[in-house]
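What follows is one chain in structure tokens, specifically the form predicted alone.
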């Protein structure tokens, strides 16, 4: 469905314009004298504005803008204005590191945010450790990011796949079906999500009847759909994301896969559901969601949505998405840690983050920033798609089913591969 804002600009055109490098985050509220006297605090944002996850960058920009505006509107941070210097990683790890190096050397950025897929974030984790620069990962979910890639300079904001599977898989086995077929995106994120689902599938007595690994940038899914039909599963677990996912859903709908099996997506972004529309999104029986603007009974969400709409009245998505939320939460907590530490010194900021409990998490329970793997341990939710007749408006696409508490479902220390090094001076 092609939608338009009040200037007649289509959502698709807006996304293309965003991906081309439209500069945003011009925020007000910092006194002119303050701006003139002090150098700004610079955040380097290496985020996807093109490639398989390019559409996520538009949402992440808005979350970054909300956090920056929150500080600058009250006078900045440590007496200085907060700014962002942005680069497109194009969902390419090597390119992301070149862009990050440029931001560090030419823009003299103080801290980093990154998105754009697990391969990008794994490379950024190594970069952060090598350069001694704090980096907040704001969209990928691969287990390696809090496992083998964990280090003192890198923080993981979204839940990782172990927790996602621990929340979703037992529910599916108990309530939806026990014969599972996997569609697995053929890179780190897809591998680790399928592997984690397998672990909890077996614990709950479910069995695997097949798997298809989907290469990045696939657009013809006919052979995969024929193969899954022959396996006759009760449940199809779709561990595919980004533009590949939206193309896949179109073909699954046309193929009528939902008429012969229940289809579950353990992790769906609002942007994905939005792109395929409510009719095609209705093929799913259940979807896991990191955050949603209409989670019931959570204080602060309405105010957060109102601030988003006021600051970005012509955004490509009229409500904040998971990726807006993660970008906002990662940057807000980084800036708060700077405030608590009273300095930009990386080791002191890291120590201000480690072990901190975020009470105003915009979720049911506080979010804990664990010191031993730097995971933001937060709640994870599951929804079912709303029928079109039940939607209040075209953003009202999910019906709440339940959630898993982060501290109950996140990986435990004895199972983790995280091995943290000492900071300089420790």
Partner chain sequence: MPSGIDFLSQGINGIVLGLLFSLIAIGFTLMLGVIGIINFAHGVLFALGAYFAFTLRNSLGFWAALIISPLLVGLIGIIIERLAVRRMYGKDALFCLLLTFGIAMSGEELIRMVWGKLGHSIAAPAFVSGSIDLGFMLYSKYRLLLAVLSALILFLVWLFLEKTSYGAIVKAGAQDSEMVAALGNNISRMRTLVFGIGSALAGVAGVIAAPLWSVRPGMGNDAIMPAFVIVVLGGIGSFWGTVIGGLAVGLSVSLAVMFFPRMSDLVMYILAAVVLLFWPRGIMGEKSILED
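Just so you know, these numbers come straight off a predicted model, no measurement behind them. Residue numbers count along the first chain shown, from 1.
Another form, the form predicted together with its partner chain, is not on view; read the next lines as being about it.
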Worksheet item: Taking heavy atoms only, is residue 296 within 4.5 angstroms of its partner chain in the model of the complex?
Response: no
Item to complete: Classify residue 226 as contacting or not contacting its partner chain in the model of the complex by the rule of any non-hydrogen atom within 4.5 angstroms, answering yes or no.
Response: yes
Considering non-hydrogen atoms and a 4.5 Å limit, does its partner chain approach residue 250 in the model of the complex? yes
Even though its partner chain is not shown here, does residue 284 get within 4.5 Å of it in the model of the complex, heavy atoms only?
-> no
Checked 213, 348, 340, 202 for heavy atoms within 4.5 Å of its partner chain in the model of the complex; positive is 213
In this chain shown alone, the residue from 235, 275, 134, 289 with a heavy atom within 4.5 Å of its partner chain in the model of the complex is 275
Heavy atom of each of 156, 313 and 355 within 4.5 Å of its partner chain in the model of the complex = no
Here the chain appears without its partner; judged in the model of the complex, the stretch of 329-337, 297-305, 162-170, 217-225 with heavy atoms within 4.5 Å of its partner chain is 217-225
Within 260-282, the residues having any heavy atom within 4.5 Å of its partner chain in the model of the complex are 260, 275, 280
